[in-house]
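In the block that follows, a single chain appears as structure tokens, in the form predicted alone.
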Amino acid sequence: MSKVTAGATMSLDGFIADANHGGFEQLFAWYGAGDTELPSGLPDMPFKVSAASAEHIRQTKERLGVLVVGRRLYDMTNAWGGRHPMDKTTVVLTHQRPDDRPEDDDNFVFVTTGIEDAVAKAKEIAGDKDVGVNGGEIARQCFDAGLLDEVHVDLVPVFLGSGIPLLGQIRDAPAMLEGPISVTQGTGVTHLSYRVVRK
């Protein structure tokens, strides 16, 4: 059965980016900390991670059918050059469709009617595979709407001090999670998965 999962690389003090939407050199250092090469989806930029992280990424990608992101991330990455590096169809939640994308295609689908409709569309595309939501604000909206099933964190040993939290100010805090469902120790990162408890 398809699950909706939020995933992010996070600092030990709970941030997925610093206050200036940066800090990625520290957060993603683990992508170059091993000797197992993986395609990154970006030309001439393979990942070199530990064998444990490589297997974790392979399994995650195998389960994933579709991504849901917000318009800010879509614009910040310049639409990833036309295709998300995970090589999956990406549903973009936005107030207005980009002028240069008059039609949906296998790369990007645009939804303007809210998070519930974006996740419903993603589930339709994903079939029996998982829907991954990316970006703190989109993950928070999914959590608040009761749509999120699991939270996956790539925890890295760095303190950013301040920045953008994984979920931010969720409506029903505090919220307990079940697990961990899984723990994978990589080089420079610990991969953790938790199940969301429905109230």
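Note that residue numbering follows the sequence shown and begins at 1. All values derive from a computational prediction rather than experimental measurement.
Unshown form predicted in complex with another copy of the chain; subsequent notes refer to it.
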Inset, instruction - Choose one stretch from 153-161, 129-137, 46-54, 65-73: the one whose residues place a heavy atom within 4.5 angstroms of another copy of the chain in the predicted complex. - result: 153-161
Legend entry - Check all three, Pro39, Thr89 and Val92, heavy atom within 4.5 Å of another copy of the chain in the predicted complex: no
Legend entry - Partner contact for Gln26 in the predicted complex: another copy of the chain, 4.5 angstroms, heavy atom: yes
Inset, instruction - Using a 4.5 Å heavy atom cut-off, state whether Ile170 contacts another copy of the chain in the predicted complex. - result: yes
Legend entry - Any non-hydrogen atom of Ile16 within 4.5 angstroms of another copy of the chain in the predicted complex: no
Inset, instruction - May I ask you to check whether Leu166 falls inside a 4.5 Å heavy atom distance of another copy of the chain in the predicted complex? - result: yes
Inset, instruction - Quick one: name the residues from 169-186 with any non-hydrogen atom within 4.5 angstroms of another copy of the chain in the predicted complex. - result: Gln169, Ile170, Ala173, Pro174, Ala175, Met176, Leu177, Gly179, Pro180, Val183, Gln185
